[in-house]
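Okay, so here's just one chain, in C-alpha cells, the form predicted alone.
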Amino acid sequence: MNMLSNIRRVSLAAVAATAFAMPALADNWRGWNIHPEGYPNTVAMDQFVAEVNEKTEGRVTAEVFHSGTLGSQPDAIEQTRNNALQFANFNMGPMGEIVPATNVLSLPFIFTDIDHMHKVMDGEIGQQFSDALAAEGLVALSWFDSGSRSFYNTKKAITQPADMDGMKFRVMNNSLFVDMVDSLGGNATPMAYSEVFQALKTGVIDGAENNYPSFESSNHYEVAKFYSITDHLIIPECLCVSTEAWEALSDADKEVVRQAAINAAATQRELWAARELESRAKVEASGVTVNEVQDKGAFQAAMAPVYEGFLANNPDLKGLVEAIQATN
C-alpha cells in the first residue's frame, strides 16, 4: 500500500509538472469585415490582426474574414455579441436597434465635420458609447472613419429637399434614416447593402446615400450618375471585440489588443482621407455629375421633426446630444 501510494504521488507530481510545463492554449479569434481587399478598413483590420498575433506571442491567434463572407452586419453583430465571432469592424448606423444610445451618432448633421467627430469619439463622450456597447456584448476599442454620407441617384442632381420628392432611396435598417429621408420628401427603403446595385439598375430604387469610397468600390457609380454632396451623416465605425473574449484576456493582453486597435484606427483614418480623394476622382472621370449642395441649411432645417421625435422618445439622451453639439 505504501509502495502504491508512493507511485501515485510520483505520478501525480509528474502530471502536475507536465501541465505547468505546457504552454497555455491560444485563444483563436475570428473577425468580420464587410469591406473588400485593399479598402482602408481592410488594411487596418489586417494590421490589427498582425499586431495582436505578434505582441500577444501566440496567446491570441486572430484571423479576419473580409467582404462580408461571414454574413451581413446584423448577423455579424449578433455573432460577436454571442462570441461566435470575437472581433469586427461595425458601422454604428444599424447598431441603434441594439444599443439605443448609439442612435445619437446617426442623427443627421450631429457632427459639423470629420474633425469634430474625431474629437468627440476619442474623448470622454466616446467612452460613454463604448460603455453602452459593452453592456450589450461589445467593447469598442477604437473608432474608424466612414466619411460623410451624401445622396446619389439615377435621375438628377439634388440641390434642395424638393428635388427628392417621391424618389425612392435605400437607407440602412434604422428608423432614424427612414425618418430623415421621409422628412426630405423622399421614400425611404431599408435594404441590405449587397442588394443596392441591382435595385438601382432595375429601378426598384432611385438612389441611396453613402460616402465616396463606398459609392465607388460598390460600383454603384456605374448606374447612379448623380452624386450630390449633402454631408448629412458622419457616422463613426468601431473596432469592436466581444465582451466575452475581452474579459477572458489578461490585463497585459488587454493593453496589447487595445493599443493594436488604436494603431489600426490611425492607419484607417490616414488611408481613408487619401481614398476619398481617389474615389471622387474615379467617379467623376467615369461621367458622374458631382454637385456641392450650396444651401445645406434647408436640409438641416428639415431635420427638426427628426430631432424632436427622437428626443421625445429618448429624453434621457438629450444631454448626450447637447454635449456633442457643444464640443468644439
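The model shown is predicted, which means the values in this text are computed figures rather than measured ones. All residue numbers are counted from 1 along the displayed sequence.
Absent from the display: the form predicted together with a small molecule. The rest refers to it.
When contacts are defined as a non-hydrogen atom within 4.5 Å, all of I34, Q73 and S214 contact the small molecule in the predicted bound form.
In the predicted bound form, at least one heavy atom of E237 sits within 4.5 Å of the small molecule.
Remark: A140 does not count among the residues lining the small molecule in the predicted bound form, judged by a heavy atom distance of 4.5 Å or less. In the predicted bound form, the small molecule sits within 4.5 Å of a heavy atom of M172. Mapping the unseen interface onto this chain, N91 counts among the residues with a heavy atom inside 4.5 Å of the small molecule in the predicted bound form. With the partner omitted here, the residue from N210, Q86, S183, T102 that has a non-hydrogen atom within 4.5 angstroms of the small molecule in the predicted bound form is N210. Considering the small molecule in the predicted bound form, the lone stretch of 34 to 42, 63 to 71, 275 to 283, 296 to 304 in range is 34 to 42 [heavy atom distance within 4.5 Å].
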